[in-house]
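Before any questions on how it binds or moves, here is one chain, the form predicted on its own, in structure tokens.
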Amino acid sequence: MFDYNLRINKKACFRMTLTRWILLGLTGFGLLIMLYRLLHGLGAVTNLSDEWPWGFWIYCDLILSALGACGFAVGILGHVLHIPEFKPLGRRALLMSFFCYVLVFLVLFIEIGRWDNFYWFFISFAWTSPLYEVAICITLYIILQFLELVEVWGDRYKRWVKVIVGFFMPVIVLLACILPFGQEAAYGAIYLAMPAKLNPIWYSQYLPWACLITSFSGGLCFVALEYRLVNRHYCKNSDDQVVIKALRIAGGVIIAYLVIKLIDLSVRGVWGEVFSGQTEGNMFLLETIVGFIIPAIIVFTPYVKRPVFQMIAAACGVAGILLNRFNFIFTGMADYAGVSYTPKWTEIWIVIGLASLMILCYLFALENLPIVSGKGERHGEVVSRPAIGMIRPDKGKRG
């Protein structure tokens, strides 16, 4: 009773299922809380304070931008370095990255104390501020990604639009591959201004590079995980070699990160903090083992040829991003703050509502644009929408 097509026009429609109705309900509830926040201020919906001015929302921003790095990671590999295996992943990585960054922008908007003055970001010209660089980079990156998606839209609906936008596409792609470098590094640069606040395990002059490197590996793991899950959902044949190559490049980047981190810890002499038995040291070990060592081992052993281990490696790579950002935002700052911080339920629900909206938009785009292709398929008029009743086929019918 919940599975039917919502017709938009002759070509576009959207399947409404029970899960999607639930997502729609979560979206509506989250938007109501967001409206309440805009009317009554941060104090009414958050547990933020002078000791914890950056909390759950900043954490969401950092992990979403890191996972959204899948767009520039695949763009560099497929369109700058011209590695042919990554070109089929370009559109899906672009779509995921776009909605991750739109969500980052929305969360940034609601966490600004005076949201009605948000435009000052763009007219203040604070060139020396890392936060200004982050805001400008995110805005420009979203605009460039939107233009790239316009070309994809034109591929199915208006060929002349594809031709016009496609003429400028080399410049757009190049700029879109450059901007995240400055943005991810700027996140780390913000914390360089807090030498007395951040635990020495994470505080380092190379922190901007750490944010950049881990976002690249995490983005590749994220797109590999999405590739497996979405192809399975839409009955597409997955190309194992594409996934393996993406994971092995991510593994190589992870090993480079681990080497740099080991050298950094040794030079600064903070191994005692790592093995102190305290929460900070234990969380760093958990982050390193689960998020970096396990996927690095899997991707360079024969186990990576098995789909289940590909999923494990990709999931661990994504978990590494979640743990890494959690540690230097919360774990590494807790001792200095001297007080505990727990997000208020309204903080969490606003993000859930906005994330549900982005998921619905993502699914709509998947099912109405030539984004997803299986092994041996070409983009064009191909869309990802199977017939009603085929959204979850029997196990034996999956490709």
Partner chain sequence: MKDCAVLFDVTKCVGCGSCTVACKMWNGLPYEENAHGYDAKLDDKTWTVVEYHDVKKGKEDVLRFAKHQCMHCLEPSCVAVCFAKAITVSDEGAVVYDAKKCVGCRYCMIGCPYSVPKYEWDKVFPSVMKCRLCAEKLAKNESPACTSVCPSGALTFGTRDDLLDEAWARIKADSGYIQKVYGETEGGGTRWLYISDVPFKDLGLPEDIPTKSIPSTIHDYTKWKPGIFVGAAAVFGALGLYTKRRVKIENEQRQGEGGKEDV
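Because the structure is a prediction, the values reported are computed rather than measured. Numbering follows the first chain given and starts at 1.
As for the form predicted together with the partner chain, it is not shown, yet the points below apply to it.
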Could you work out which of 171, 262, 81, 308 is the residue within 4.5 angstroms of the partner chain in the model of the complex, going by heavy atoms? 81
Note which of 361, 348, 31, 38 lies within 4.5 Å of the partner chain in the model of the complex, where distance is taken over heavy atoms; exactly one does. 38
Contact with the partner chain in the model of the complex for residue 158, defined as at least one heavy atom pair within 4.5 Å: yes or no? no
Would you check, heavy atoms only and a 4.5 Å threshold, whether residue 197 touches the partner chain in the model of the complex? yes
With heavy atoms only and a cut-off of 4.5 Å, decide whether residue 357 touches the partner chain in the model of the complex. no
Though only this chain appears here, would residue 352 touch the partner chain in the model of the complex if you measure heavy atom gaps against 4.5 Å? no
Partner-proximal stretch of 268-276, 201-209, 316-324, 141-149 relative to the partner chain in the model of the complex, 4.5 angstroms, heavy atom: 201-209
Counting only heavy atoms, which residues in 94-117 are within 4.5 Å of the partner chain in the model of the complex? 111, 112, 113, 114, 115, 116, 117
